[in-house]
Each structure stands twice: as C-alpha cells, then as structure tokens.
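To begin, one chain is listed below as structure tokens, in the form predicted on its own.
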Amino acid sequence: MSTQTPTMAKGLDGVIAGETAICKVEQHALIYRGYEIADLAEYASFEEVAYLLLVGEKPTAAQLEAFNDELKGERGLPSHVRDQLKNAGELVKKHSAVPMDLLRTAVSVLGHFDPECQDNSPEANLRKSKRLLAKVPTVIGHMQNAIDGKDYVEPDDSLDHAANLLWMMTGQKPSPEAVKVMDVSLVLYAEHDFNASTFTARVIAGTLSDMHGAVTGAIAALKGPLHGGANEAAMEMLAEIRKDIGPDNDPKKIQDWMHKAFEDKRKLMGFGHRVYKNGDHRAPILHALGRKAAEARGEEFVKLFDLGEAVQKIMLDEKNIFPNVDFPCGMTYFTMGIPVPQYTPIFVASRVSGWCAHISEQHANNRLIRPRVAYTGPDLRKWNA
C-alpha cells in the first residue's frame, strides 16, 4: 500500500477520477464518442445521439428505426406510477415537493416494476437504458398534467422524443420550430463527462448497485442550483430583474442592478463553468435558436432576450465570465411556454442517455470509487483524560 500523500483538490477540481470512451470535454471542444457538439446539434436528431451514447456508434437507418420503435413501445408507465403521479398537483401546491422530487421518486419506483432491475449485465443495462429513456418524458408529461389539474395526455407514437415530450406536457401538437428547438436542446444536454450527477451515478454503480438506483441518485444531484437547477435559477433571476427595473430594459437600470448584485457578492446563475473558462460551446447554439423562437413569438419574448444579452455583456465586460448553456436554456424554454419548474426535469429527459451510458461503462469495467480525504479535525486525544 502506498504511503504517498494523495493529491488533494477542493471539489476534485482538475483531478482525473477515471476513464471514459463516452465524452470528451475540453476548453475548445465538446465531443460525444468522437463527434463534436456543433456537428451533432446541426445534423443529428436526439434519438441518433442517444443511440450513439448508449450503443457506441452512429446508427444506420435500420438501426435507428428499430431503436425508435423500441422507445415508442416503452413509453407507457406501470399503473402504480401513474396513480402515484396523480398526487403531483397536491404535493407541489400544498407541500414542499418540486417536480424534480417527483421525478426522482418515480424513477426509483420504476425499478420495482422492471424485471431486469437487479441484472447489471451489458445486455440488461442496454434494455433498461431504453426503458428509462422512453419513460422519463411520460413521467414529466403526466406530472405536469396533474399539476395543471387535467387528465393525462397519453404518448403519441407518431411523434419523436422531443415532440412527444412537448405534446404530453401541453396536450397540443407542437410546431416544427418548437420541436427543432427542443430536439437540439436535448442533444446539447445529453452528456458532459464526469459532471456532478454523472459522477454520482458512477459512484453508485461502482458499488455494483443497479441502474435505477444510480439514475435516482443522479437526479438528486442534478436538482441542485449549482448543477442542473441552474437553468431554473437563471430564469428566476431574469424575472427578478424585469420586476425590479420595469419593462423598458433601460441600460442604466440593468447596469445598476448588476452592480448591486456584484456588491452583494450574489451568485448569478447561468454563468461560469468549471471547465469552459472561455465560453461554453453549447450556449451560443441554444441562444441562437432561442432568439429566433422569441422573434417568432413577439416583442415580449424578444425583450427577454434583449435583457439577457445585456446581462451577458455586463458579466463579460466587467467580470470576464461567460454564460453557460443554462442561461440561454432558461430564456428559450420560457419562450416556448414551458413552466419553469419543469426545466430541470427536461434536462433529465436528455441526460438520462448519458447517465445510462456511464453506468453501463462503470459496470463493464468496475472498480469501487473510494477517494481519500484530508482530515482537518483535532489531533489524537483520550476519551477519559
């Protein structure tokens, strides 16, 4: 056993904690299994990206068709989970639950009804991955239906993953433009190497626990505002600015608000990234799509993007901090009419593809993840001294 003092970094900043063939995150590139994110966002559907992550290669036309058919066939939920979600409205309105809590619980319960829950073989893991990928949007849709006090909107087999997600949440067939924006956002959020939620999933999988348990833990990690919840927090911050300064987007008022936030050392959500010091590659892609959607919807939404761009400029000019993908995501989903508390659950509908790929990879080449710690407590002492 080595007696060398382990390397210590707060938050594991910069520490290489393992190997993966799934994703590469660099200052100047985000790569899924060899494909750069801008390339995927422009040319690949989310289903193609999910197949790439889970199986390891770009699907042929026949493989993609079979994959889509499998996902559509697995969208339905067990009656127990459907019944459980009927209480979503009461839990949200009368208690302290938020949609991420309800989604986390539903995924955990889905494990009880999956016949392969305890089987960690590569074949079973792939089948479970497809089932989870298919069912998470249904959970989100039924949850939102219950919160709205409406009957469940059932999955539509004529719709792809992104369109079906929007359909089940609203009961309205989405426009091709809305489907495109949602599809690209799912591609952008699908994977990001050892981020907090993925690392959580791998730590759980590293004990040889099951996929549903690992995904449940990942959802709990993603909920936090320093991770997946940042898109909700970013939109809430912009709503606060709009309320404080009024509807005219006066540059002086925006600057005064930002300077007050700087003075108060307030953490402004949707900015900065542990890896991307010179800008998140995903942010401009989603910003451009969101801005286009806002222009199609009208002045109110354009003014939201105007405000966001003013905030971004102040952050960059005065703090040299770039927005991450969560900042344009908040504005874009708001423009699409998606309730703010569902932004992070939608993140799950995408990232579950990356999580499941990592869980499968961990199971296939496992070593228990057990780091050391730098002890800062008292020196050795006697209890009866």
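As the structure is a prediction and not an experimental result, all values here were calculated from the model. Residues carry their position along the shown sequence, with the first being 1.
Form predicted together with carboxymethyl coenzyme *A: not shown, discussed below.
- Residues placing heavy atoms within 4.5 Å of carboxymethyl coenzyme *A in the predicted bound form fall in a single listed stretch, namely 264 to 272, out of 116 to 124, 171 to 179, 264 to 272, 133 to 141.
- For a residue to qualify, one of its non-hydrogen atoms must sit within 4.5 Å of carboxymethyl coenzyme *A in the predicted bound form; none of 284, 308 and 312 qualifies.
- At least one heavy atom of residue 225 is located within 4.5 Å of carboxymethyl coenzyme *A in the predicted bound form.
- Using a 4.5 angstroms limit between non-hydrogen atoms, residue 277 touches carboxymethyl coenzyme *A in the predicted bound form.
- Carboxymethyl coenzyme *A is not drawn, but in the predicted bound form it has a heavy atom within 4.5 Å of residue 230.
- In the predicted bound form, none of the heavy atoms of residue 350 sits within 4.5 Å of a heavy atom of carboxymethyl coenzyme *A.
- When you look in the predicted bound form, the only residue of 360, 324, 342, 335 with a non-hydrogen atom within 4.5 Å of carboxymethyl coenzyme *A is 324.
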